[in-house]
Structure formats: structure tokens, C-alpha cells
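The data below hold one chain only, encoded as C-alpha cells and taken in the form predicted alone.
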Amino acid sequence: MDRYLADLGLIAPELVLTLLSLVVLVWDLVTKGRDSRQVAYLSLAGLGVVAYLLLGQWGDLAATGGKAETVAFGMVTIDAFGTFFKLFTVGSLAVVILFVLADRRERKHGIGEYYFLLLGAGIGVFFMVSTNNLLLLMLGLELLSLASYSLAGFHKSERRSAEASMKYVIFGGLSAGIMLYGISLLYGLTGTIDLNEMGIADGSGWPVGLAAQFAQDPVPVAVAIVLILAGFAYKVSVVPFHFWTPDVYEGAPTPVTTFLAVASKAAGFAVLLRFVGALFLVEGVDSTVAAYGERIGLLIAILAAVTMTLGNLSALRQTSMKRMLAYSSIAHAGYVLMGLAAMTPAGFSAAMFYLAAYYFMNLGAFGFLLYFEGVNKSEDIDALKGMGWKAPVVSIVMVAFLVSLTGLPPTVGFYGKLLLFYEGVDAGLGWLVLIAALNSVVSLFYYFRIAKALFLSEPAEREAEPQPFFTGFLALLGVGTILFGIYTEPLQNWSETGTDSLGIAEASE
């Protein structure tokens, strides 16, 4: 009983988030949706409690250098890596809820399930980023996916929203089936669903692990790993599994699109980093398994090059800002994959740093879109012409986000991309770094079409109704984008501590 209670204490953030989602659901039913803002405020307060617990957990883990880990109930790994992404998720959920409150086109009554679904998606993220157990990983992924499908089609009366949800369900179901088949195949070959055991087992006992299978026949293992990677590629919008992204991003409500582009994408990368690290790079992994990991790194590097190139070239042709940001999101997935392709602890740390940088600049970009959707009733870039003079604070801050997304100094996006380039060169991927640099130049053209429309056109006749709170919040994100580009140490320390907890630093030295 004592061990059971201790394990419950270890997953206190997950338990509080689960309780919060149930309270939100019941509260909305009791109030009959008369004022869903109350549900939103309750959700924000609950997320504050979850964040407090996670920060306490992070402090305890950081005191050990991030290398200590505890496993609750034999499946949930409590380490700095998982806590990093849980905090990321809590912050994203809080911002998305604020976006829902600020959305002028969203009803303020009868939408309590909006917040319940967001919290449910958060529960899925919490479990999937903190486990080496493939079964729990799959359950967390499906919980996130089911909530996301519902959120994408939240505006049932809008054809575009319903179409986005249907496409998301079809592509998501297909990718989940492919991934689950890969997991079952890997389990059948190795005798375990624990990633660490797969990589470390030498084949002399049970489970046999990957090493014995490589010695016998590497093809079935390769098939299983490729199928699992295909499932991850769908979640983070990697070519050729990106087809759903522009249509779903465009059709879903803008706050939901923000969640998918930031929190859901980051969770997908977190699981991918843990999967590759635990399987091929942890200390004690069999030499044949580690050698195979280098081939996986080359495959990821090729996918990174194709993904960033297709994303940027496709974004050039877009007239809708929402679709442009969707293709931009695909391109940024390619940049993050550079850190993973390096197959080093420093590369993983650079990927985590870039995801944290992406948090500020992408949330800000979607917040800008939401602001002007309420003003122009349109997502087209042409509708922004001259509006920079009507809403100067929001527009100037948006330019900072665009500079960061491009990767120019002195923003956090510049430093994040610089880290990825450095680690790519250090890992012998100079060709990939060159492609990424050229893609950054291409991105400059479509990002600054927005700045051009805002400030290099005749001032618009229509007025932008003041939104002091929303404007201040976007300005705060803009300050973070600049501040963490100049003072990079906090984010870098957090990302390095998270990577150290995966146990791969010593193995690569």
C-alpha cells in the first residue's frame, strides 16, 4: 500500500489534471453552459496548480542534474525530459484557453466542452511524453488524437470545420493502425514493449531484445521501426505524411489550430526523441543496435531535408495566412528533425531548445492571426494591407515573431536555429545544414509578405477595435521572443537538463 501511495504521489500532476477535466465537465453540466467563461477561468486556475506541482517536480529532478528517474507503476517515467514537455503543454493549454476567450468569432456560452477536450488532450500528452512503455505511449497518443479530432470539428455547423475533422480522423486512424502494427511486430520480435529493454538486452535471455534479431535477420526489425516512425511522422507533419496539415489547420477554429501547431506537435517530437534515444543511444545499448541507429539518423536527415524544402516552397504560394502558417509548421518540423538526425545528446538538446523557441514565436503568430480575424473577418494576407497603422503594437510585435520564425537575430528563433546548424555540422551533416540555410532564405520571402502588407501599403480605412488585454499578452510573447534570444541560458539549461535525464550523454562520449 505504501508503494502504491508513493506512486500516486509521483503522478500527482496527471491526477490533478484528470480531476480538473472531470470538474470542468460537471461544472459545465450543472451551469447548463450559461456562461462558459467561468469554465475557462476554472481551467486556468487548475492549470496553475498543475504547473506548481510540475515546477516542484522539476526542482527535485534538477537538483540531481536531471539524471535521476523514477518509474511509477512500472510504466510512467518521472524524469526531467518528461517534466519539460509537461510544462510546455500546460503553458500551451493556458495560452489556447486565453485565445478562446479573446476570439471574437467564438460563442461565449455553451462551449464548456471546448475546455474539457483541451484538458483531455493534455492528459494524453502527459502520459505519452513520460513513458518508455509502448502500450502506454499508444494509449496517450490515442487520447490526444481523439480529443484533437473533436476539437478540429468543434464548429459542427461550418462545412470547413466538419471537413477538417473528417480528414483528420481518416488520416489519424490510418497512421495509428500503421504505428500499432509496427509496435506489435516489434513486441513479437523482441519479447518486450519496454524501449530500454529492447536496446540493452543482448539476446542471451528473455526478452531477447533487438541485438538478437539483428544477428538473425534485420529486415523485420527495420520494417517495424519504419512503421512506428511513420506514425510519429504523421503526428509532427513530416513529409510524406503531411497532407492533412494545411486542410485541418485551415478548417479548425484558430485556437485549436494553435494547439495542434504548438502543443500537439511538441508532444509528437517529445515521444520521437524518447523513442530514438531509449532504443539506440542510452548507456549500455548493444553495439549492433547503436550502429543501426546511425542508419536511422541518416533516414531522419533525408526526411528533414525534404520536409523543410517542401514546406517552405509550398508556403510561398499561399494567400491564406492560416495555410501559410500550416506549411511553415511543416518546414519547422524539418528544422527540429536536424537535431534528432545528429543522434547526439547535444543534437537532442538543440531540438528541445528549438521547440521551446517555437512556443513563443508560433503562439504569437497565431495570436496575431486571431486578432485580425476578429477585425477583418478574413484570413487572407491581402486583408492585412495597411492595418499595421491601425494596430501598431500588435503589428510591430508580429514583425518580431516573423523575424524569429525566419531565424534572424536577435530573436530566440535565431539562436535555436544556430544551435541546430552547429550540431548538424558537428555530426557530419553539413549538406543538411546548407539545405536548411537556403530554406531559411526562402522563408524570408513569404514571412515578410505579411510585414509588407501591414506597413508598406496605404493605411486602411477600417478601424481595429482596441483589445488591451490581448494586445498586452501578445506583446509579452514578443518580449519573450527577444529576451530569450539575447539571454539564452535559462532555456538552454532546461533543454540540457531534460536531455541528460534520457541517459545518453555518457554513451556518446
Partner chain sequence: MLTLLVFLPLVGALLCLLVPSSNRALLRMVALGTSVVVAAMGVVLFARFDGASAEAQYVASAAWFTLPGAGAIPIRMLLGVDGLSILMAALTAVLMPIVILSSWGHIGERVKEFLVWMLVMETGMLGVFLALDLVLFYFFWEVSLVPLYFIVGIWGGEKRLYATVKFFLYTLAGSLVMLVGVIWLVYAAGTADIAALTARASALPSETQGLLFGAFALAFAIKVPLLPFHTWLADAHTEAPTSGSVVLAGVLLKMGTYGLLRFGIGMFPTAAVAWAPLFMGLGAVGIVYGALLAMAQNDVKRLIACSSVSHLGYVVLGMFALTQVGLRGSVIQMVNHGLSTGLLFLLIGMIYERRHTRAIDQFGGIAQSMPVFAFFFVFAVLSSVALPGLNGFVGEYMILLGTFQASPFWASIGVLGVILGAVYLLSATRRLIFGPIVHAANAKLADLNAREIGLCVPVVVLCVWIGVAPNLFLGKLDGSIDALAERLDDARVAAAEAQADEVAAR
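Not measured: the values here are computed from a predicted model. Positions refer to the first chain, counted from 1.
Same protein, other form: the form predicted in complex with its partner chain, not shown, and the subject of what follows.
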Taking its partner chain as it sits in the predicted complex, is residue 358 in contact with it (heavy atom to heavy atom, 4.5 Å or less)?
no
Interface membership of residue 437, its partner chain in the predicted complex, 4.5 Å heavy atom rule
yes
Any of the heavy atoms of residue 423 lying within 4.5 Å of its partner chain in the predicted complex?
yes
Do residue 445 and its partner chain share at least one heavy atom pair within 4.5 Å in the predicted complex?
yes
Listed residue (55, 441, 45, 479) with a non-hydrogen atom within 4.5 angstroms of its partner chain in the predicted complex
441
Position in contact with its partner chain when the complex is considered in the predicted complex, options 381, 433, 306, 290, heavy atoms within 4.5 Å:
433
Check for me: heavy atom within 4.5 Å of its partner chain in the predicted complex, for each of 389, 399 and 419, yes or no.
yes
In the predicted complex, segment of 266 to 274, 322 to 330, 296 to 304, 406 to 414 with a heavy atom within 4.5 Å of its partner chain:
406 to 414
Any residue of 333 to 354 that, in the predicted complex, places a heavy atom within 4.5 Å of its partner chain
346
